[in-house]
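Coming up, as structure tokens: structure 1 and structure 2, two forms of one and the same protein chain.
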Structure 1
Amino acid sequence: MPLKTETFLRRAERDDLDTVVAWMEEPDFQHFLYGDPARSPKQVREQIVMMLGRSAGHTVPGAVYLMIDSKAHGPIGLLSLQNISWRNRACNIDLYIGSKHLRNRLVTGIAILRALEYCFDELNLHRVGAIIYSFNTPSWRIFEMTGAQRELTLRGHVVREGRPYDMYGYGLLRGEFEAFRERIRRSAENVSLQAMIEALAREDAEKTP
């Protein structure tokens, strides 16, 4: 059973095009994207149109794009499920938080956990992988809290502001995520996702020297 929150996932639609394009033009948003950001607005728009376009009804999608939405704030970010292998029940996730004032630990945590719930509960996957930059500390710390294991480190793989950073590869198995949720359920009856993230943040802060 999913943990309670007012944040939810929905299918990305063509009506979301202007919102996502606006996010991709923000310097802070581009900071977390891999590759060269020097693309024209037309190229960015064409890329998003391809991402949000629906697959033919008879095909099995190898990628799924979902909007992270909130009753309080509206669209928060974009969830991309890539390299979906239905045979192996595995995928990779990319998660982008759009609005600068919402890019914080609480929102990131809720978005990550909602995404993982979708992968394991709705798609019935066995494994979820993620690539996270070392400077994106809130994301990889929260991912580790869910039970994910850091399986590889690519040293100096991405450059920002002239400085090289490592890139981390994570893997999370279904059983590890279920154990995490059970631990949370034992600590509080009917816990809300927001309260859970706030408690984990306090716990992590207390452990940090």
Structure 2
Amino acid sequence: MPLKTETFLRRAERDDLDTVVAWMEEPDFQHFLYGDPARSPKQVREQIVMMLGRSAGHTVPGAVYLMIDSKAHGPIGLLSLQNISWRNRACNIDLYIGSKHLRNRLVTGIAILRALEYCFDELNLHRVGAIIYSFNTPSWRIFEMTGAQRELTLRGHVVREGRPYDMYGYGLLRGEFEAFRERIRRSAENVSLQAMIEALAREDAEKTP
């Protein structure tokens, strides 16, 4: 059974520019991903225009930048697939949930699921890698839930507020992602609307004195 949500991916457009600039200027973005707080908004804007310019429309792009959008909430976050190697069928993934009130396991999990589906099903990749800082525990925990393996522990590889932190390198192979999807499918096998209605009815009956 496919997982149906209202979250979807789409190519970023010029109208998204202000949203993305605002996200990239957030301290959280620079703390958990990258960026230089000393950059002016103009420089950030120029970088984004350049990024969006080499998006998926190109024949063999080295990077793809997509918006995570939702019918209910509008633009939720930014997904970037970098260092795409068409020869090795591999890429690195960065994902940022810009709307702070949506930074929870469900929204992030669904966004990652959609991103990985895009990587494996649309781009036909074999491997998706991610570099995640050790202090970003929620992110690497969610990525591990998809079946990704922690392959690298790079000691003192990133500096934040003058302190060195470890960096983790994760890898997710196509077979591991397919096994993860199979687990989701099996867990939802016995779920039906009828069964849910009956369960609710049972709960109501139990509550009634």
Partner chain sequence: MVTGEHAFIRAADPDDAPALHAFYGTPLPCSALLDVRREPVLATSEELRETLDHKDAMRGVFHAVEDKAGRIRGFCGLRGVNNEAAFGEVMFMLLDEADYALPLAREAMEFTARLGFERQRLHKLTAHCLEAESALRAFLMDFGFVSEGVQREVLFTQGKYHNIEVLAFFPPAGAECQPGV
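For residue numbers, the reference is structure 1: its sequence is counted from 1. Take the two forms, superpose them, and find the largest set of C-alpha atoms that agree within 1.5 Å; that set is the rigid core. Every value quoted in this text rests on a predicted model; they were computed, and no experiment measured them.
Each structure shows the same chain on its own, and structure 1 is the form predicted alone. In this overlay on the rigid core, Glu178 has a C-alpha that sits less than 2 Å away from its partner position between the two structures.
Core-aligned CA deviation for Glu26 between the two structures: 2 Å or greater. The Cα position of Val159 differs by 2 Å or more between the two structures after fitting on the rigid core.
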